[in-house]
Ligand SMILES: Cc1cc2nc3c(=O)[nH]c(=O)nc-3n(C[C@H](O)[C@H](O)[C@H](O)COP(=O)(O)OP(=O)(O)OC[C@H]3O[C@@H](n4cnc5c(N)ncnc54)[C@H](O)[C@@H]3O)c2cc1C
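First comes one chain, alone, set out as structure tokens in the form predicted on its own.
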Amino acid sequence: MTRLAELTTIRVGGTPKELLVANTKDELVSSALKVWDENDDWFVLAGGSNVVASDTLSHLSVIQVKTKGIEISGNRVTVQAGEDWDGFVTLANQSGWAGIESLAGIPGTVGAAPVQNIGAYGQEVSAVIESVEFLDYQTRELIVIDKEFCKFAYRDSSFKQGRKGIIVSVTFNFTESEPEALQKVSADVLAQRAGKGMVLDSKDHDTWSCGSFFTNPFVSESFARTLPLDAPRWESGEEVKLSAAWLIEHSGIAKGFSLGGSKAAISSKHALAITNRGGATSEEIVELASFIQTQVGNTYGIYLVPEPNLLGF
């Protein structure tokens, strides 16, 4: 049986009770209904880029989404959940579909993108999502959820906040732009991400990660005024968004840091990424994350929230 360490970008995770691979929409629906009838302990695995799985998963049923298919009607595009995200960004750029060009290089699948409401360099995927086709756990029915009912927020959605089920496909509504301009933006983004170790490379342990491990925290304006003047901050309505990477480094945790004897370490390129230096256990990853939370909390009174799914912890 395949270990989840072989299917996740941070390369940790034990062997689940069962692994069901869905290559078509019908297989995805039938696999989900089977698992839901037999086991309360289940997880949907897409690209494996946003999950830290425990080394002990003997009761877990895993549904791996590998469905393919793209339907195009002008600038309205419906994409099956298992399509590769970065490959779809490339297609969008070539087709002159604007709105996701700054999201190039993000690992994972199209179906996972709405869950986290992935974003980078000023763009969020929710800006171009029209609706989501969803297999609802409660009703066992396929439904279409319009954008306004997805409750998108910063790295958040109703799917992350407890709406149980599986995203089957996503429909986007793009605006038009020049392909060359979109491709240039993506090329610039990829160069920046590569410099931070955020583009997957099997030979580079700095990329054996979940990308950014913590979300940037939001605080009140009055709290933000208590921080050092050089702490990066961005106004966001009545709140202020802070840089989690800055908080980590200025709480005394440098790039490349690891706990004694651990094979988990902060990336040497980016303070916000926890990496597997080769042979790390899931417990070592989570132990380092907990240490970071404690250190930042003790220094600044801010509790950093993990971005990946912590599976089995």
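Because the structure is a prediction, the values reported are computed rather than measured. A residue's number is simply how far along the shown sequence it sits, counting from 1.
The same protein has a further form, the form predicted together with the ligand, not shown here; the description that follows concerns it.
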Ok, Ile166, Ile129, Val89, Leu182: which has a heavy atom sitting within 4.5 Å of the ligand in the model of the complex? Ile166
Stretch in contact in the model of the complex with the ligand, which is absent here, among 275 to 283, 242 to 250, 257 to 265, 46 to 54 (heavy atoms within 4.5 Å): 46 to 54
Contact of Ile100 with the ligand in the model of the complex (heavy atom, 4.5 Å): no
Do Asn93 and the ligand come within 4.5 Å of each other in the model of the complex, heavy atoms counted? no
So in the model of the complex, does Thr9 come within 4.5 Å of the ligand, heavy atom to heavy atom? yes
Answer yes if any heavy atom of Pro217 is within 4.5 Å of a heavy atom of the ligand in the model of the complex; otherwise answer no. no
Stretch 232 to 261 - residues with a heavy atom within 4.5 Å of the ligand in the model of the complex: none
